[in-house]
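Encoded as structure tokens, the following chain is the form predicted alone, with no partner shown.
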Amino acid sequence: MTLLYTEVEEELRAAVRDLLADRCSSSAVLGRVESGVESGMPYDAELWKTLARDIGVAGLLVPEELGGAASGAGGASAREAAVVLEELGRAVAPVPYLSSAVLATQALLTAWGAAGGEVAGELLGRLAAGEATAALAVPFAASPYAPPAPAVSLSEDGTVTGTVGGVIGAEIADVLLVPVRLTRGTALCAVETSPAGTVQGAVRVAPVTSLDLTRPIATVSFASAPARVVATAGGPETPWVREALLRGAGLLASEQLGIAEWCLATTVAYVRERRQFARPVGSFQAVKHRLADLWLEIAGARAAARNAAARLAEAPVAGDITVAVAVAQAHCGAVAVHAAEECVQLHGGIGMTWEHPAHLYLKRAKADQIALGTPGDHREALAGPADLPAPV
């Protein structure tokens, strides 16, 4: 295994970066955030269509037989998905890649791999082609080591009822993947947000105040909403949710890496130009030391994030993969927040203004840090596999 980027990964990075530079500049994101505060919809649907359909990022984790780009050898994998997340993190792009192409797709892949279900295969094909967007109806703050029990129930008539809070990507999702409880066991159901014949108000998505304005969260309520069963489990566990959260946490580290790298590069460029006492601010030793320390932290975060992505690309989740994911999240979350804080502080007064995009990166970094398990959750999960005492 190598942590270096392959030629294919660099080509994918270049394609995504060029598109984001053209369509997702800082001013464009700020403008969309401002309009999104009033409309409740900051997502850039047109940008997402281009990414999903033209570049094909929506199908990087989906097998070729279902219309995706993933295959045994030489095809796309979690490594390519991680590269896309790095670039999306650098641009704080308001697109539902993490919610649809990672979390929801991984839940369907787990269901399809276990039972080969027709519903899962059909949905994966739609997602890979960019024809639909999905969201996993689970709180974004849920820990992969203790997935929440389903809060939605499935009735005998095939409808679901219940409420789930803290869901990302629900506002733009065509399909909601809902973990539900059964009389005996659990199930994963697919609910179309606007299927023909659905009673008006059967699915309600109510946006709530989110720290990260480029990735809003919502409370999703189901009132006898028609649903299709994707997979079932005989016990209280929800294996599709756990797998999606764990793999999502591993890939989220790459987004955090992208945030940190943008913050460092932008800050270095600024302190080279900003002059104080007739010399560049970056020439002062204290500033140099802070940026050098940050560079070292980001180098470690890059290694941890790449290791997690490479492990996830190799095989089903096992002990060493769980360790790689926990290490990446425990480290990268704090690094991204520190980089964003340094970016705001070293930009001085301008860094505190709404017009400068630094606050978007700080908010995204902090929201990511407490998503899919806090750093403390991941450190505690390392105690057993690493044979170390748990933190007190």
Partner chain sequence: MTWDEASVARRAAAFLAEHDPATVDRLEFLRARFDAGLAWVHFPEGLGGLGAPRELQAVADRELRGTPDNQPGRIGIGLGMAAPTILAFGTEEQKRRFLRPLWTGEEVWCQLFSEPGAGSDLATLATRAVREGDEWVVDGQKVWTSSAHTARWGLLLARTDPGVPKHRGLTYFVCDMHAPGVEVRPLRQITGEAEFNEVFLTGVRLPEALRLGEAGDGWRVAQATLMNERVAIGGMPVRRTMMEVVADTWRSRPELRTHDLHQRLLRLWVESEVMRLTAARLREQLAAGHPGPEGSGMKLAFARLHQELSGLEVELLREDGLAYDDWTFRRPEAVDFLGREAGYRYLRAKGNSIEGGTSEILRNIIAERVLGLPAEPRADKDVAWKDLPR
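Just so you know, these numbers come straight off a predicted model, no measurement behind them. Numbering follows the first chain given and starts at 1.
Keep in mind the form predicted together with the partner chain is missing from the figure; the text below concerns it.
The candidate stretches are 119-127, 149-157, 202-210, 186-194, and the one lying within 4.5 Å of the partner chain in the model of the complex by heavy atoms is 202-210. Proximity of V271, A304 and R379 to the partner chain in the model of the complex is complete: all three residues have a non-hydrogen atom within 4.5 angstroms. Contact annotation: of the candidates V344, A28, M41, I55, the single residue with a non-hydrogen atom within 4.5 angstroms of the partner chain in the model of the complex is V344. At a distance threshold of 4.5 angstroms between non-hydrogen atoms, P226 is out of contact with the partner chain in the model of the complex. The partner chain in the model of the complex is not approached by G59, whose heavy atoms all lie more than 4.5 angstroms from it. Within 4.5 Å of some heavy atom of the partner chain in the model of the complex lies at least one heavy atom of I370. Proximity of E34 to the partner chain in the model of the complex falls within the 4.5 Å heavy atom cutoff. Residues of 129-143 placing a heavy atom within 4.5 Å of the partner chain in the model of the complex, in sequence order: P139, F140, A141.
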